[in-house]
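Consider the single chain below, provided in structure tokens and representing the form predicted on its own.
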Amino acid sequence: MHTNRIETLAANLRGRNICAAAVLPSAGLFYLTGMATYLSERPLLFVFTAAGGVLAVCPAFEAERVRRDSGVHNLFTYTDEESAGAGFERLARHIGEINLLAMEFQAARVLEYKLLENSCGVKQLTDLRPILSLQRMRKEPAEINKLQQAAQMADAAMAVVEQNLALGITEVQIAEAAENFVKARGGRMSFVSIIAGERTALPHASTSTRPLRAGDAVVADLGCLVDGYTSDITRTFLLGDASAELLQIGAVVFEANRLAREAVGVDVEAGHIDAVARSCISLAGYGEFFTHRTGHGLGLEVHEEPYIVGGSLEKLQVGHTFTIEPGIYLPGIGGVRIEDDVCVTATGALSLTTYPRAVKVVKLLCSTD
């Protein structure tokens, strides 16, 4: 259990007159308690009160695991024969009515909310995410260390991707080579890798069994997990005699990435970083082909706050960690994306990913060579 984080949450709840926060298995629960688990048909729910207390409702047969993994001992259990409602009724007898409850809307279920509403007489519900994200955005030194390790592993996995680029090898085979490399070193991928030698004009193209061919632009987007903390890197490779336009947009995206990273600083608005990258691409004549935000936060989730998106007034602070990933996607021709993970320091951006960024033309080899 992370006592300091829980105390900060309690103070934030008090400041908003929120009685309690209910947290289901999620990144938020791991952040507060250190317990990594998953949603199932049997409700497992933690309640963090404005007074600083922590309670949980859980299946009786899971009680020992919950105590061990979360450090929470004030449990209200239920058996399969009773159903979850019995555990929630026991919780209600302990904490009474909850006038204003906070839950993360994107990590909550109606099931648990209705159980709380019926047992604790919840009068009003508010979103916990904006409150908890303020804490989670400012990464502690230990968290940054984990993020650095995850980024270093992603750099190494990207090297495996480049080493395996050859005519005839399939996108899936390249993805498997990178995944096997990471697994052999005790890590795992944080999301399904994108290796696209075709369909690169689609930002989230799926990896297929298509063999690589001469002239392909290969977009490789992957990430690694270290102790729950994630990385996310994208590089683009051109196989053989790529078109002049692909080389041109590669140079533009490289420059947009560089300028955006250099623009990062304390109290700089997230929307400004997006504007810097977007302006570079627009001035080159490709503005309409940069179709997504410039970046997203990284931490216990691959996508979290802060979001580097146009119009965002969020002021960057030391410890904020996020991606910078400008891209240009030309229908019928191909796409280029260059993505890095950066952490805000007192002097600017610390780039956690360092694999060479320039779009590289790869010498063609057959997969049997």
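Small disclaimer: the values here were computed from a predicted structure and weren't measured. Heads up: residue numbers just count along the shown sequence, starting at 1.
Heads up, the form predicted in complex with a further copy of the same chain isn't pictured, but that's what we're talking about next.
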#### Entry: Option from 139-147, 154-162, 101-109, 257-265 whose residues, in the model of the complex, bring a heavy atom within 4.5 Å of a further copy of the same chain
101-109
### Interface residue in the model of the complex among R213, K183, H73, R93, criterion: non-hydrogen atom within 4.5 angstroms of a further copy of the same chain
K183
### Task
Using heavy atoms only and a 4.5 Å cut-off, determine which of E97, D80, E288, E245 is in contact with a further copy of the same chain in the model of the complex.
D80
### Message
If we define contact as a non-hydrogen atom of the residue within 4.5 angstroms of the partner, is F30 a contact of a further copy of the same chain in the model of the complex?
### Response
no
### Task
Answer for D274 alone: is it within 4.5 Å of a further copy of the same chain in the model of the complex, judged on heavy atom distances?
yes
### Message
Please determine whether E176 contacts a further copy of the same chain in the model of the complex, using a 4.5 Å cut-off between heavy atoms.
### Response
yes
### Message
Does any part of L125 reach within 4.5 Å of a further copy of the same chain in the model of the complex? Heavy atoms only, please.
### Response
yes
### Task
Within 4.5 Å of a further copy of the same chain in the model of the complex, which residues of 57-90 have a heavy atom? Give them in sequence order, or say none.
F61, E62, E64, R65, R68, D80, E81
